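Only one chain is shown below, in structure tokens, and it's the form predicted on its own.
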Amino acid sequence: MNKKAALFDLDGVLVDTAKFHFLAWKQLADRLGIHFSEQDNEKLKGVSREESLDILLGLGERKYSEAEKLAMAEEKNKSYVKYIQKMDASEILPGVLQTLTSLKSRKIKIGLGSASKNTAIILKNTGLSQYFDVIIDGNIVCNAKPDPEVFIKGAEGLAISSQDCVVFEDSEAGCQAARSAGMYAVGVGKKENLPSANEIIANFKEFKVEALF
């Protein structure tokens, strides 16, 4: 395909943070008396913290004020940050470093497009910062996926047209965002969870850079 840029989601694509999100959300849910399973957690992938909280609270019966919800979102984030402060390079998912290195060697531009507001901590602790030409995260964008804003800004930051970008995502919302931006969406995970993806890979160990770039 000879694409010119790669845009990556962070959580669940490059690093194994999904377990930390689940633990932090479950801790809040348990306190509120809401049953929250790993299957429920799948619905939160690629979704902003505020929207994730609304989904979680929707599993319960009680209504909460905006002030209460703001405090809950902050409570969850504090729990999550405690977990990710202990992250290191061992949390990088299989095949990721080889893929990033191969892209660099081919002079392919690399961007990060994540809803996370804790991107800087994760990239620093895992040593991944050096690979990215542009980083667009939840501190920069206003609209959460499936809105394409995060990827459109990524392409703009790389000075590459949307049709020349490939997006790697593990969430359906993220794949929808990529397609809405006019980009080629590679879903990382199971096909049944990512119907909007142009193609699916199980992980980066099986991905061949030369197939797209």
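Throughout, we count residues from 1 along the sequence that is shown. The shown structure was predicted, so the numbers you read here are calculated from the model rather than taken from an experiment.
The protein also exists as the form predicted in complex with ligand BG6; that form is not presented, and the subsequent description refers to it.
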Taking heavy atoms and a 4.5 Å cut-off, does residue 144 contact ligand BG6 in the predicted complex?
no
Closest heavy atom of residue 109 to ligand BG6 in the predicted complex, within 4.5 Å or not?
no
Ligand BG6 contact at residue 46 in the predicted complex, heavy atom, 4.5 Å:
yes
Is residue 102 close enough to touch ligand BG6 in the predicted complex, meaning at least one heavy atom pair within 4.5 Å?
no
Just to confirm the contact call: exactly one of 62 to 70, 47 to 55, 28 to 36, 151 to 159 touches ligand BG6 in the predicted complex at a 4.5 Å heavy atom cutoff, so which is it?
47 to 55
So which bits of 65 to 85 sit within 4.5 Å of ligand BG6 in the predicted complex, heavy atoms only?
76, 77, 80
